[in-house]
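A single chain comes next, written as structure tokens; it is the form predicted alone.
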Amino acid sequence: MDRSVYITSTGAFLPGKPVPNEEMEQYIGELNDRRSRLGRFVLRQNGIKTRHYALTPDGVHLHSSADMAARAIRDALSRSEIAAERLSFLAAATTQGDLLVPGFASAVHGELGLRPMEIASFQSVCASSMMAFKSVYLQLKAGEHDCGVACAAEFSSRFFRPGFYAGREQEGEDSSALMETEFLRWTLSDGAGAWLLETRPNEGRRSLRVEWIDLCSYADRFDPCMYAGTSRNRAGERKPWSHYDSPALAAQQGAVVLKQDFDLLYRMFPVWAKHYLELVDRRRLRPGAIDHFLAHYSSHSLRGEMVKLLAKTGAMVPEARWFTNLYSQGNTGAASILLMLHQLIEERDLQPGQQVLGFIPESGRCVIAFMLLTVV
């Protein structure tokens, strides 16, 4: 029997107050004048105006990633038509969790305090939430469960505090090397989102039927592009943090700092575009019929690159139908697409029959994810 699966409720948690650009360094800290100037350049490029941090200005942690995920799930449950006790499957995603071991889903389940249930943990970058989403979708589709939740949370700001850069003399590095760390430091922020999935639609309000979820890795073609936990020597060879004699030595060599390789990033764009065109043919997707296009991108300048590339393909979703929360919430990594759909539902009067296309490129090691939803 074919079982349809529906998103029946969404939830969100954004910590603290919105932090404007001029207050950012009060939270993530000042490193030096050169990095601050680079930061201002990044802000002009990414277009972000406000974001949220799970830190106080003096560096005190207000939440954990697991706590934020649990709060987003509770928010989704509070908006749903079911009791929390019906939840029997939890899939949780993050880029970097609170602990090395155990898995993130265990931590979220513990924070929730709900009954024993099946769980799954997913660790990647922006597309990890889609991995969790697809896991829940397939579990319900297969008849293993009738109700499950996919969540994702990020607490990036804690890794941008000055202590993570201590002991490293970087004033001699060129601007491109510094930009590998500063771009992410001035772009990523904190938050959590959750989607509740069921095998039946809501009775009293609209739901979103999941038509399909498409996800593919191209890691066979690329080295890590957005990464932490490794450093490169002058020959370009990578050494994992766990291969150093101590965590302190790994940190001193820059192996724990989050970095973005821009040369690799721009080489991924044509691969993502080719996958999209193949998807249009394989899924018989009609871009002009999409009512809402949820495109995840980390910077306004990268959106421009995306628009130019898609326009050349002839399979462009009209830009007037694009929806993003980047400028007000920043780039919340794995949680971005979950928070984006939540905000779309809150702000737009979705009508039955409308279609929502989600596009989530992940630069970590080149992953691409799409989803198609129908309003019912």
Partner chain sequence: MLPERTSPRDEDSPQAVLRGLSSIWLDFESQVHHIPIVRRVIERRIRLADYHELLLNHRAQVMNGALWIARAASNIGHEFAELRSRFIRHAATEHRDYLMLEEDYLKSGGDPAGLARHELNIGSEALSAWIFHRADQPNPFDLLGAMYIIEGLGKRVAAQWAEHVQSALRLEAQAVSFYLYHAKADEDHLGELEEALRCGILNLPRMAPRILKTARVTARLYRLQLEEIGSY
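Residue numbers count along the first chain shown, from 1. Note that this is a predicted model, so its numbers are computed, not measured.
Beyond the structure shown, there is the form predicted in complex with the partner chain, which is absent from this document and is the topic of what follows.
J.: Does the 4.5 Å heavy atom contact test between residue 56 and the partner chain in the predicted complex come out positive?
T.: Contact with the partner chain, no.
J.: So, residue 313 and the partner chain: in the predicted complex, are they within 4.5 Å at any heavy atom pair?
T.: Output for residue 313 is yes: heavy atoms within 4.5 Å of the partner chain.
J.: Does the partner chain come within 4.5 Å of any heavy atom of residue 284 in the predicted complex?
T.: Looking in the predicted complex, residue contacts with the partner chain include residue 284, since a heavy atom lies within 4.5 Å.
J.: Are any of the heavy atoms in residue 270 no more than 4.5 Å from a heavy atom of the partner chain in the predicted complex?
T.: Looking in the predicted complex, residue contacts with the partner chain include residue 270, since a heavy atom lies within 4.5 Å.
J.: Whether 52, 84 and 98 jointly form a contact site for the partner chain in the predicted complex is the question; each needs a heavy atom within 4.5 Å.
T.: No, none of the three is in contact.
J.: Counting non-hydrogen atoms within 4.5 angstroms of the partner chain in the predicted complex, say which of 115, 221, 79, 239 makes the cut.
T.: None of the others qualify; the residue that does is 221.
J.: Identify which of 249, 215, 177, 280 has a heavy atom within 4.5 Å of the partner chain in the predicted complex; exactly one of them does.
T.: Selected residue: 280.
J.: Using a 4.5 Å heavy atom cut-off, indicate which stretch of 346-354, 65-73, 313-321, 32-40 touches the partner chain in the predicted complex.
T.: Looking at the partner contacts, the answer comes out as 313-321.
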